[in-house]
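The chain below stands alone and is given as C-alpha cells, in the form predicted alone.
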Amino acid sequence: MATTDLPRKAKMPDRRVSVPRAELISAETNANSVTELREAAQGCRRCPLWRNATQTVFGGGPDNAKVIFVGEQPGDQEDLAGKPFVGPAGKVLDAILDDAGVDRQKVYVTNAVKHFKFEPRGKRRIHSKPNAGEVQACRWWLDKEFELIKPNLAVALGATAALSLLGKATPVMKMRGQVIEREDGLRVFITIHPSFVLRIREAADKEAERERFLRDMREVKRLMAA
C-alpha cells in the first residue's frame, strides 16, 4: 500500500538578526554614538533572554540628556514596539513628569535589561523579573549609554535599576528619595518603578502613591538644575 508523507509544519521566519560573535564584539567596542550602540545592541547575545523576545528594546531620548531614567526591563508593549516605556507604566511616568514640569523630550529613558523576560500563560505573556546574572550581562550596554551621554543624574526606577546602577541590592522603599553618589561622581536618585502605582487597587491608596511619586519627580527636576 502506498504511503503519503504528512505535510511538514510551516516554520515561522525568524525575525531576529544573527550576528557572529566576533562581529558583535567589534560592533560593541567601536560604538562611538548612541545610534551606533543601539544598532549594535540589536544583535546582543550576552544572555539567553534574546531567544524569546521579539527584539532588543534600547533606550531613547536626546544624546546630551542631563538625566537618564533607568527602569527594569521592557514589557509586552515595549517588546512589540521596540521602544522603552510606551506601555501602561510609561503612560504613568509621562503623566507624572508632565505634572512635575519635567520635559519628557529632554530626558533619556532606558532599562537595566534590554530584552523582555516573560512566562507564557495561554495567549498572554506575563512579566518575569530578571535575575542578577541577566542584569549583570546587560550592564555593559547601560554603562556605555552613560559613557556616551554623560548625564549628571540617574534616576533608578525600582530595585532592579538600583542594582544595575549601584552594583548591589538596595532597599528602595527605605532609600526612596535619597541620592547616592557613585565613585565615578554620578548621582543616583532612588525611587519606585511607575508600575508600582498601577498595582495598587484601592483608589485612595493609589492616589496617595501617585502624589509621593510626583514629589519624587519634582525633586528630580530640582536636581537636574543643580
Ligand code: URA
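The first residue of the sequence shown is number 1, and the count goes up from there. Quick caveat: nothing in here was measured; it's all calculated off a predicted structure.
From this point on, the text means the form predicted together with ligand URA, which you will not see here.
K.L.:
Wondering, does residue 145 line up within 4.5 Å of ligand URA in the predicted complex on heavy atoms?
P.N.:
Contact with ligand URA, no.
K.L.:
Would residue 46 sit within 4.5 Å of ligand URA in the predicted complex, counting heavy atoms only?
P.N.:
No, residue 46 stays farther than 4.5 Å from ligand URA in the predicted complex.
K.L.:
Can residue 85 be called a contact residue for ligand URA in the predicted complex at 4.5 Å between heavy atoms?
P.N.:
Yes.
K.L.:
State yes or no: in the predicted complex, is some non-hydrogen atom of residue 89 no more than 4.5 angstroms from a non-hydrogen atom of ligand URA?
P.N.:
It does: once ligand URA is placed as it appears in the predicted complex, residue 89 has a heavy atom within 4.5 Å of it.
K.L.:
If we take heavy atoms and a 4.5 Å cut-off, which stretch out of 74-82, 95-103, 132-140, 145-153 is in contact with ligand URA in the predicted complex?
P.N.:
Stretch 74-82 is the one.
K.L.:
Going through 151-176 from first to last, which residues have a non-hydrogen atom within 4.5 Å of ligand URA in the predicted complex?
P.N.:
Heavy-atom contacts to ligand URA in the predicted complex: nothing from 151-176.
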